[in-house]
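A single chain, nothing else alongside it, follows as structure tokens in the form predicted on its own.
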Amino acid sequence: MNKRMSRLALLDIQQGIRSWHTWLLLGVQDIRLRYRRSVIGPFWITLSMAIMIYTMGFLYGKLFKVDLSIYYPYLAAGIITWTLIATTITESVEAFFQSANYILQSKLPYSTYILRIVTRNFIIFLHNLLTLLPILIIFKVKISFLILPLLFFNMALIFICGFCYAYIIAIVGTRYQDVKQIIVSLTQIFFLLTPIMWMPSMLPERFGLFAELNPFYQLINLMRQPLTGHLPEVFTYVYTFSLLATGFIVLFLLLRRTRHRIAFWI
């Protein structure tokens, strides 16, 4: 029985990845439906993101007394990446409820609906990257073309990591509906605790380790460092691969036990 459940759990993930055209289409359709009556579509998010970043960058740069040429790229890359991570987490809680009609009427693998959410948020993330371009140009941030392959590799890491943890949250959120409020509250708390608006160097030395061990900080660094012309540290990759391995193992064990119950929980 356990072998059969394990095989079905792995098969769900494999079939979901193979049906890339389905979740890519669903993700694009979600964005189109959300902005179907809008002239500039999802770029409204990009515009609001730009206004927030440019306003906060000037204000907090002056409050923290940091050189704006350093602070603006740091803040912009951090907020854009954090938005990707936070939105994926909060939306995944209700992933199966939002796709209830598909689940009850078709035999698509459950992983398809998680990949749909991750894809949708990555598309918006790519739109939001446009807000970073004026900052890189104004402050003359040099990004080597050699860093671009690394940037795409890091994006793939975040995509896979996001898929694993979004799937875990979706299963738990489907079983326990109170989880949504907990996730939303924790996300707000971690936004303040993660070096996004502030820098780890601003902390007393004895608290520096807490910032380094923050998983969101390391995931953000995967994108922030290349986007600001730097290479991520080796520790960032070690930490990320550890997160990825842990997430996959937890997902596999959870999926093996609960996959056959998800449809009944909706």
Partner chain sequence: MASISLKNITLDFPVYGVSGRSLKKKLLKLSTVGKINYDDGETVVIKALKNINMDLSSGDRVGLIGPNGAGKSSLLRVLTGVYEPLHGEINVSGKVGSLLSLSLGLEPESSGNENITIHCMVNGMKPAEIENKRPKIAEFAGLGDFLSMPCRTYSSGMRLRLAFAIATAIEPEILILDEVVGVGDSTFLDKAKKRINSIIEKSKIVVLASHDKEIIKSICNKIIVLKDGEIQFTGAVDEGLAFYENSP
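None of the values given here were measured: they were computed from a predicted structure. Residue numbers count along the first chain shown, from 1.
A second form of this protein, the form predicted together with its partner chain, is not displayed here; the remarks below concern that form.
The three residues 47, 127 and 216 each lack any heavy atom within 4.5 Å of its partner chain in the predicted bound form.
Screening 185-193, 152-160, 130-138, 97-105 for residues having heavy atoms within 4.5 Å of its partner chain in the predicted bound form returns a single hit, 97-105.
Remark: residue 22 counts among the residues lining its partner chain in the predicted bound form, judged by a heavy atom distance of 4.5 Å or less. Although the partner is absent here, residue 177 lies within 4.5 Å of its partner chain in the predicted bound form, judged by heavy atoms. In the predicted bound form, none of the heavy atoms of residue 7 sits within 4.5 Å of a heavy atom of its partner chain. A residue is said to contact a partner when one of its heavy atoms sits within 4.5 Å of a partner heavy atom; residue 201 fails this definition for its partner chain in the predicted bound form, lying far away. Out of the listed residues 68, 52, 211, 26, 26 is the one that sits within 4.5 Å of its partner chain in the predicted bound form by at least one heavy atom. Contact annotation for 228-265: residues with any non-hydrogen atom within 4.5 angstroms of its partner chain in the predicted bound form are 259, 260, 261, 263, 264, 265, listed in sequence order.
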